[in-house]
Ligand SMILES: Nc1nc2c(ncn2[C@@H]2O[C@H](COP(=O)(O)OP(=O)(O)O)[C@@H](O)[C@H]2O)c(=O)[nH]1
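Encoded as structure tokens, the following chain is the form predicted on its own, with no partner shown.
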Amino acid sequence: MLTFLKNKLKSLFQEIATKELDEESLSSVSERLRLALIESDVALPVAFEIVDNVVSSLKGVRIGRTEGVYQVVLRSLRETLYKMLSSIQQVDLVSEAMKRRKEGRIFTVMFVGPNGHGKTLTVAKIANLLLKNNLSVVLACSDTFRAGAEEQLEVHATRLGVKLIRHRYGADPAAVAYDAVIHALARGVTCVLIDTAGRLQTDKGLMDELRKIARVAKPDLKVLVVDALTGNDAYDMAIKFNEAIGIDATVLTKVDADVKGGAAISISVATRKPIIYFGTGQGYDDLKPFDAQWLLDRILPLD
């Protein structure tokens, strides 16, 4: 159970002894809650938004005889986060792909994100999920610069029994994506999954390359893949990638190793785009659909 945030709340709030949350006590609650969120890897702008919502819900609240400020804040924070997270419209990849197949169209998904965040493995996991739902898949290796990128994706393609479209190293990544789409159209394949090269959100040249791939391939969805252990940096990554190409959804990897949970909250609230899956391990089946209640039970379990 990942209880860093909960333990932080307990240490900050148990010493407050009051039976009514008036303006003075709420000021203290606000400062302490903001600190707890920031130390749990919630980005500063997101922490302010969350605190404002929590404090607004607590104005004039009287503390019960058998509970303290900590229990009241914990409950209000859970309710606030649940509302914020569950209000973001979800995307079901399998349903979307089935809809395209019924319409006689292909379903193209482009995966973007920093290097080393598990993007290629996530592409393989999504391919596995689609295959298990009787959907045909082709993979496109639009990472034509990183040594070993094509070989890495080829291993997954072979294990999954799907076609891999690739070009020589140094080729135009957009051309690879285009050829994968043409292959799918010609062979009646439903899903095209495009793996792109990892890049920092500050690299303008590589961001321009992503925009070119998106223009050429015209993906139905652009999915950002981010490591949950990135912490506060996940917020900036999500904002910059969204500004650059307009992401539609996020997959958060290594959630099984995350000890704080702030990245998930920050990305969702900052972009107002859904986290569609959590990566919870190295196996192809280690992909959990987003569940706000599950996340909150991990980072903020009730006593």
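The structure displayed is predicted, hence computed values, not measured ones. Residue numbers run from 1 along the displayed sequence.
Just so it is clear, the following notes concern the form predicted together with the ligand, a form of the same protein that is not shown.
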| property | result |
| --- | --- |
| Interface segment, criterion being heavy atoms within 4.5 Å of the ligand in the predicted complex, picked from 5 to 13, 278 to 286, 291 to 299, 21 to 29 | 278 to 286 |
| 4.5 angstroms heavy atom contact with the ligand in the predicted complex for residue 115 | yes |
| Contact flag, residue 80 vs the ligand in the predicted complex, heavy atom cut 4.5 Å | no |
| Partner proximity in the predicted complex: residue 90 to the ligand, non-hydrogen atom cutoff 4.5 Å | no |
| Residue 256, heavy atom within 4.5 angstroms of the ligand in the predicted complex | yes |
| Listed residue that, although the ligand is not shown, lies within 4.5 Å of it in the predicted complex (heavy atoms), from 144, 190, 76, 120 | 120 |
| Proximity to the ligand in the predicted complex, single hit among 86, 232, 152, 136 (heavy atom within 4.5 Å) | 152 |
